[in-house]
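Just the one chain here, laid out as structure tokens, in the form predicted on its own.
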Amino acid sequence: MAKISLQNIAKRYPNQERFTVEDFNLEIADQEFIVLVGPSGCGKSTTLRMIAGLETITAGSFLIDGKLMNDVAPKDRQIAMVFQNYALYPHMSVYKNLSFGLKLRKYAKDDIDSRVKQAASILGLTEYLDRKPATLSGGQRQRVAMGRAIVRDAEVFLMDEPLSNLDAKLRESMRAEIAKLHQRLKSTTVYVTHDQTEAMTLADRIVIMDQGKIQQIGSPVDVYNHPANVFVAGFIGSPAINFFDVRVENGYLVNDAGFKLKLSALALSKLPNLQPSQELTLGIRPEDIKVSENTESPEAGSTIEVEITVVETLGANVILHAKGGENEFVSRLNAGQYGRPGDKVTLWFNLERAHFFDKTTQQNLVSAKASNGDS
């Protein structure tokens, strides 16, 4: 397949002061599955379209296997793209949709037939080759769109939010299909989504973007466990991470809204350069907040008495919402009985898994990684 290099890539549209994409640097290995993720308007689709040649590059260099591609026409980049809206020809059968691009490139008839049937077999479309797109389900139409990419000898597959038009159940099954397809084809793939679940389940590495800039690059586990900054910590994870504005006083994390947690020696040792009463942002994931039981020692962490406000039962898990003082807490627990709204419980915080961010820079003080480089 192909190695991709994006070096100091930038995009600014005419009559626009702000760059849509700025100082984008990324090296993609052969056969790697990279996911660009971020909120709407962060520049991820623009970056994908620059790779495809559908948008010009304002500055920087884009290379495939060491060859500069900035000014190479899209049709000559050996790139296949799967769009959000499928872009199928409604008057053509599935077979003709799959073969159309090959005919334009003047492939031999036997070669076209072989490629189409092979792609249909891989994607489970063999029995639908004579049908029109309108008679297919959303998932089947998406398979046809992916089939058009497979039939070509493309070096790179680009996917722009390919599952966003599908319902939740179908998205889940199609995620598995895309993962299997990548394992089978071993293709270099760049995938764009705003859905963190897709990013976490599909990617070899995730590129998290915000306001046109890379915030962090790393494996799904790395960006989850070692977020570079407040934005990454808040964007990755469901339910979202708990944030509290605090300061350290006499070995406690406190704020003026009734928050007070004792820091363990290990947690305190992670913050060696704190100034007296320095303002911090504490981030702690819902699974690291538990309902305290008698078997747990207070020395193992810190506790706060709270009042339950909402209990969400999700089968194997319970999402507990609670309030202590003016602070609101969200905890993810294994299924069980933890009380009802209005009940008082004691929450135990595993501060050894917490994240501490500089209040001003929003960078992670404990496990900060290069925010625009490989983790």
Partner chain sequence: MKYIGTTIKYLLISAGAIIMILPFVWMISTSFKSGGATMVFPPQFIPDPFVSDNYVTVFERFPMLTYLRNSIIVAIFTTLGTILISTLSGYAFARMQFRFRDQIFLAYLATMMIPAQVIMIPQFILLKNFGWIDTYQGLIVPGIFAVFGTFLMRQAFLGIPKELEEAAFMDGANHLTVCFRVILPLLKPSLATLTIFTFMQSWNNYLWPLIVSSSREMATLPLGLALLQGQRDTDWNLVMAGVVISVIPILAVYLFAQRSFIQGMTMSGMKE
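Positions refer to the first chain, counted from 1. Computed from a predicted model, the values in this text were never measured in an experiment.
The next section is about a form of this same protein that is not shown, the form predicted together with the partner chain.
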property	result
Output flag, M81, L104 and P133 jointly within 4.5 Å of the partner chain in the model of the complex, heavy atom basis	yes
Proximity of G124 to the partner chain in the model of the complex, heavy atoms at 4.5 Å	no
4.5 Å heavy atom contact, V248 to the partner chain in the model of the complex	no
Contact label in the model of the complex: A119 to the partner chain, heavy atom within 4.5 Å	no
4.5 angstroms heavy atom contact with the partner chain in the model of the complex for K169	no
Per-stretch contact check against the partner chain in the model of the complex, the hit in 219-227, 178-186, 199-207, 96-104 (non-hydrogen atom, 4.5 angstroms)	96-104
Proximity to the partner chain in the model of the complex, single hit among N85, S238, Q275, S114 (heavy atom within 4.5 Å)	N85
Interface residue in the model of the complex among S264, S292, Q140, N165, criterion: non-hydrogen atom within 4.5 angstroms of the partner chain	N165
Within 144-163, the residues that have a heavy atom no more than 4.5 Å from the partner chain in the model of the complex	R148, R152
